[in-house]
Every structure is written in structure tokens, then in C-alpha cells.
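Just the one chain here, the form predicted alone, laid out as C-alpha cells.
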């Protein structure tokens, strides 16, 4: 039944059914259910349809959120999906894993006093309804083009670019290091945030649309960048960043001190039914152990909540700043606390202690001093504030940096920034090599999935412009030769 708008004054914010912490600790299923049609329409009708939609302004994709909320409230869900998909290649993924509390919902103009509209849950409802009804179709171009594009990386940036270019008729091949398509959507994000069938379903559609996928392919091992350039008319590098940042403290080489990504990949592979010797041996399994995760970002939240589900005896998160200054989603922190995770705020490791394996972390208390050039307060240690935490598994979740890209790709002429990311002309998204473009985390550093999608879409537009210019130049040369 169509709903009147501006219902925020009479109707409270609601979310789909949330599984109780005791229930969700036992498995890796998503913690929220889905809205029923009437409930989705009622929550969408809370939108104020404001003159300046800050939800849209603060969305990296500039999604037309008020429009598809209005259409959902009116019962026009198919049109709502068309509007959502017009700016977002993967709304079913963003509706699940975007940190809405930091982006659209956190900037909703009714949020103060009335609570924001449940934007992410309505987006998930729209897209799941669309898939069930058969409204989501493979990318089918109106006409085929002979030019080909090679995309290195099957994460959100690479897949978004692939779909955009395929819709324009280009022959697209996506290369990826893993045996499944999706990158960190499959191997880095736990099932309780994004079930893997959601990614597999989208991969199947892209393949049906004519995009070719080459798995178990590592650039620099199976082909160099010059060799890949010879195969294609343009190349997009969208590999992401995978090199884990480390801690500079004594004891870092002890056993049972592991990088976050190694831990999450092992957990996800186990969930997918793969043979994972490191997990089966106990090296990357938190069951029955006292776990300490160092870091305060979204990856740290994924680690602590995975450890809970694996049956850890205790799980602590050690973070050098306070709750208000942590980079991760506050919503994820609340979920973790509900599930039994203990947060040790304003604390940083001083040393990892043990003989061969880690048995304790010696940490010290921190206080937040004056802000630095970035505007964030600088954490500084408090003298003589040391304390110990018992642990037999330490997970380092301190963020990611790029590897030595020119050496890795076999192309010394590829320029990088002082941070090691690939340098591009931000107007064209082209690297120092003609016809080679880059997008996503390999350019901006470790960031959000929604930003990767935006970068992939922008790169596709610039690649299309480049290829059209190349085709026009070829025609001119051919005419001149006659």
C-alpha cells in the first residue's frame, strides 16, 4: 500500500529483524533479515525529501537516495531499483556493507532527534526484490566493439569498470589472483556482513553478459604488464593493496602473531569449504584461545567478530585512540560489544612477550594530545602506565600498503607516489604509461568498497574516451594512407 511521505514525525526508525547476539555468535549468517514490503515502504516514507539531500551529497556514488526512497514508499519498487542501479553497479553489496552511519544515514537531515531513515536496509530490500523478480539482467551492449580492455583485479573497482565497459560494447577480460571472483568481497569480508552467494550471483550475471574471467592469475608472475598491454587496447590496474602494516615493537616475530588478512582469508576459505591447512593446524583458528586484535578500523572489527564465532575463549580489541576517534564503524563496534568483545581503549602495544609463542602483550596507556596536520589528535604514551594482557593469538589489523608495484608488475617505467600507490593523472585516470589506467585502493590507498566502485566507474568512462580517440585517430590515418 502506498505510503504518505514525511512520516518521520509520527513513525520511529525501524530495522529488519536483528538476530540476538547469543544466536549469531554460533554461525556466520548475516545478522539482519530483510524488510517485508510494507515495512520497507513505511521506513522509506520517513524520508523528508529535503531540498538539499545530504545523504546523496555524502554518498561517494552520489546515489539518488531520496528518489528511490520515494518510489519505494509509493510501491514502485522496480523503478526504485532502476534508479538505484543507475549510479551503483552493486547496490545489493553496498546495502549490506557500506558504513551508512558514517555516510548517508549519518548525514540524514532528520537524524537529530528523529533518527535517520534506514537507507541501507531499504536499499537491500530493493535489490533483493529485484533479483527475486528477475529485474536484474546481464550487461548487454547495443553493439559490439572490436577494442579490448584487460582489467587486473576482480574486486569492486575492477568489476564496476568491467560492467560499464561491457555495456558500451568493449571486449573485457578480468584477471585476478584468486580462484574466485570478488577479491576482498569474497576473501576479506566475513559472511556475517556479506554472504558469498551475493557476490557469486553478480559474478554469474557479468559472465553471462560476455565478460571473460581469468582466475589464479598474478600480474608479474603469469604475465608482465608489458605483455598484458600487448594483448589489449587498454589496461586497467585495480589490484587493491594487500601488504599489511606491521608493529615496531619487540617480540613481533613470535609465533601466533598473524596479519589480519591472512586470518580473514583462512576463515572465509574454511567457510567456503576449501582445504585450509593453516586453519586446520590451529595457526589461524581462534577456537578456545585468548585473542587480542590490534587496531580500530573495519578490518579489526571483522577480526574480533570472526574470532567470537570461531569459539574464542576471550576477545579483546586494543586501540590507541578512544571510541570517538576510531576509524571503524560505530555500528560494528556496537555489534561486537553485544557479541562479547572487550574494547581496551587508549592503549598501544609496547612489546609482545613469550618464549617461542606469544603469551602476553605488554601495553601502555595513551592520551590524546594536540591535533596534527590531518586534524586528528595525536596519541602519546603515558609514562609508567604499562599493563599486561594474557593472549595466545595476536591479530595485527593496522591497515594495508601497496607492494613494490613497478617491480611486481615487471614495468619499471610505471610511476608511483611517495606512498607507493600508483600515480595517475586524476583528470584522465591514466598512469605514466599510455593506455594504462588505475583505480581503487591501488591509487587512493586502503578505503571503502563504495569508493572503489566510484573509481571503477570513473575509470571506465575515461578508458572509453581514450579508446574512442584511438579509434578516431586510426580512421584518420587509414584515410590519409589511401
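The shown structure was predicted, so the numbers you read here are calculated from the model rather than taken from an experiment. Numbering follows the first chain given and starts at 1.
FYI, the form predicted together with ligand FAD isn't displayed, but the following is about it.
Original post:
Out of the stretches listed (231 to 239, 137 to 145, 284 to 292, 71 to 79), which one is close to ligand FAD in the model of the complex, meaning heavy atoms within 4.5 Å?
Top reply: Within 4.5 Å of the partner lies stretch 231 to 239.
Original post:
Of 217, 279, 213, 192, which one comes within 4.5 Å of ligand FAD in the model of the complex, counting heavy atoms only?
Top reply: Answer to the contact question: 217.
Original post:
Within 4.5 Å of ligand FAD in the model of the complex: all of 152, 177 and 448, by heavy atom?
Top reply: Verified in the model of the complex; spot residues all in contact, yes.
Subject >> Exercise: residue 343 in contact with ligand FAD in the model of the complex, heavy atom 4.5 Å >> reply: The answer is no: residue 343 has no heavy atom within 4.5 Å of ligand FAD.
**OP:** May I ask you to check whether residue 296 falls inside a 4.5 Å heavy atom distance of ligand FAD in the model of the complex?
**Re:** No - in the model of the complex, heavy atoms of residue 296 and ligand FAD never come within 4.5 Å of each other.
Subject >> 4.5 Å heavy atom contact, residue 188 to ligand FAD in the model of the complex >> reply: Yes, residue 188 lies within 4.5 Å of ligand FAD in the model of the complex.
Original post:
Counting only non-hydrogen atoms and a 4.5 angstroms cut-off, does residue 302 reach ligand FAD in the model of the complex?
Top reply: Residue 302 belongs to the contact set for ligand FAD.
**OP:** Scan 386 to 412 and note down the residues that get a heavy atom within 4.5 Å of ligand FAD in the model of the complex; none is a fine answer too.
**Re:** Those in contact are 400, 409.
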